[in-house]
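We give structure tokens for two forms of one protein chain below, kept apart as structure 1 and structure 2.
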Structure 1
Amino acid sequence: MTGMIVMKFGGTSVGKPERMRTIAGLLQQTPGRKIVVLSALSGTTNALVRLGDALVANKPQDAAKEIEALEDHYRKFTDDLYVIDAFKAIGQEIISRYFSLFRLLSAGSPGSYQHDDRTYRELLAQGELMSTELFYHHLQEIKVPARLLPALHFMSIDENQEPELDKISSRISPLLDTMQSVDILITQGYICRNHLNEIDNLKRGGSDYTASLIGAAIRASEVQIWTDIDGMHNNDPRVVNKTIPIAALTFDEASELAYFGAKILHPSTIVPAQKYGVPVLLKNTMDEAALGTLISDKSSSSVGVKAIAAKDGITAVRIRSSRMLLAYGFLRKVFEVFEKFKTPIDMITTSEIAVSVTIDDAKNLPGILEELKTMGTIETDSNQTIVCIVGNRLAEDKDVLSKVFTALKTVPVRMVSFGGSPNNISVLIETKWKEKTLQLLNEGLFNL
């Protein structure tokens, strides 16, 4: 362990000048050396996606409007953030530099942009580059020693878009050694380089993942994720009326919640931290006194349900075949098709004559279906949602299944999965039933 901590601040936590000031205060109060991971200011990545989409759609006027609106926002932000004239001037220079780049990138040959091309990804990366540069100069202005640690110098993914933890670790250590005397090291969340050394990213919400990857790479003593809510809640606060924060979760529980849609964490956040046992603390930038949620390897003592999350955009595929009866090797053949198309399966249920699976990436569905057709009759349902009920040693909770089924007696359920892990019950429903399902489970399982 390096004894360092990683502190990640999300979009809303850096989205206003006064929030940046709050963060500066927090960093000064926090003893020891820390790596500070920043997201782009809230709304920026969405605006950059819209800009990129306008370029892909060959709509230069829409692109110009996006750039103008964003530039206006950043000019005001900068003017408010800095107090001293010299820093106001530096701020305006920074903004001019980025917006010239946006105009340059937009001026490429019309119609030549694609969603996955380099220019598009380079555009998306600018949000985090801007926020870190602006924040770094804020610290300079208030005379707090800090350094920028460019993520593009150490954060990388391989050809399967998997982060290269060992390489990240061996690149970041010497960088940290060159900055021994500095306590605050600021880096960009979300952005990285790919196997071609091009600028890429860790997918939307990826700054959490950056923080955890750095935490694992430097064997940090803690990763703190500072956001706009007081920790992981028992249910989705955007959908359900009354939700409450959870004080502690195991890595496994938090992993399931993040993977199955709890937006407070990028789906893969917990994986690297868990690998090296680095605790993850979720905290509220707007309410520092709130305890938040501690995610660690301490297994929770109480048996039972802790939280519910939901993941949309799911497609269910049912393969029906009488050849399954008493046959072995059938499931292997089915799974091989999904493996061939690099498409992960989330839920599985089987009967003697049929198997249902769910996928969240339907990009290769046509190819998958073509091959599955040779094995039996196929039915697919899109617009599905997985609702995932997470807790500790659920099988030991005698009432849990009856409570779930009683709560959901008015909801048509397409699939149920229980027993795969000791801490998860998943149900698949049509997305139009999501709100009702989450609300009913909140009442039935938490009396909220």
Structure 2
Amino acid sequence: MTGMIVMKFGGTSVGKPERMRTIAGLLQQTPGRKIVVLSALSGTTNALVRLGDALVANKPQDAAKEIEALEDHYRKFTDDLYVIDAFKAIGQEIISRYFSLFRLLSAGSPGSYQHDDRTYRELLAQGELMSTELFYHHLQEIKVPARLLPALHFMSIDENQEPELDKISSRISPLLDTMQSVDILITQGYICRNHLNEIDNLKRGGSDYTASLIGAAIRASEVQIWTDIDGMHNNDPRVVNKTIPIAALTFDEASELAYFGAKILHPSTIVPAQKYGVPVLLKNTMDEAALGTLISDKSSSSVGVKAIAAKDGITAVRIRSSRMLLAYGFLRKVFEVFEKFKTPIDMITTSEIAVSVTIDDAKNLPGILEELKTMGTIETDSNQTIVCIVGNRLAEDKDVLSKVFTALKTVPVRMVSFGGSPNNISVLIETKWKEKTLQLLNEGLFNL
């Protein structure tokens, strides 16, 4: 199976008929066998969530409006996508079939839907099933040989909602063997089956995660993630005016950036590809000529900062206690509290009598604080942001801290973490300082 590539196209990449046609052209230009992973058309999953919420709330009129609006969008999309009357008819039949299902769901007995989470998950899966079926028939219309490779036949998660990579690999191999005659295999992102064999979804990372899992399962030569921007940038282009795409990152560098807020990639996406050393290439559907960003296990020889990312929604917790002095076991007790409430810690700093930690999920904070109060005085700060500065072997760069803090001399910094990773310097600030911080670091570290 080695030698195949995996090409994933997101919702915006398939969101308009002309973009689907662009993808068809890309596939024909790309040599060799490929598995094509498609998301639902942009906006579809959100619409299906609203539909599901209306059904749960027993609001049939709201549900009917959602169905009508979405069906109108798909019928126009389908009519524009196909040229030949016979394929226009096939497209309309596909839409009728799926939307009959939605109407059947909404016609159920009042209140029954809210007790059936399985039906909700099946509803959310329909977007990917529709997009792949529509695209497959587009390829048929333009006489490009292709086959559908149903994700529900091989993609699965266990009882902890973790992907079963070994099982995925063992299931997909024989399927690929039966499809040797075609070079283009189309499958659905996001959707899978759970340990009860029910339709479910991957949640974290969605279709990107699917692509990486398939790439790892078949030991692909490359996984390509096609989005609407030209690779990962050195800073957040939504906040900072002057940003530049990054040509190459290591898996560790990309993971740090993804975890700390780089929206182009979910942190889970990297894990399966990294396990088997499968390179991940981030490309732009809207600009095929752009080089994009290559993520691999090859590190750069040069030392220095590559990119900056920011993660909002952070809460800082400080525990002050004289019992920390010369005491062993204190930090273990603190960590056990967070472990008990299944709440991960992002940053940590310590002094003689205090320890500060940050969390990005405050759902269990009341219970955490109640237990921590037995250990000392507790202070919390919400509305915080972690700004993460990522690069290659930063600990060897004797000037990097000086540059960071010179750039941030007008910004109040709440916490600093450096040395835990050779790729990362993290600073904690109030969220109201985020935009200024990103702009100042862009100027101070990249002269942009």
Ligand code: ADP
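Rigid core (definition): largest C-alpha set, two forms, superposition within 1.5 Å. Numbers given to residues start at 1 and step along the sequence of structure 1. Everything numeric here is computed off the predicted structure, so don't read it as measured data.
- Legend: structure 1 corresponds to the form predicted together with ligand ADP, while structure 2 does not.
- The chain behaves as two rigid units between the two structures, and the smaller unit swings by 9° against the larger after C-alpha superposition.
- The two forms, fitted on their core, place the C-alpha of residue 411 5.2 Å apart, compared between the two structures.
- Once the core of the two forms is superposed, the Cα of residue 335 has moved 3.8 Å between the two structures.
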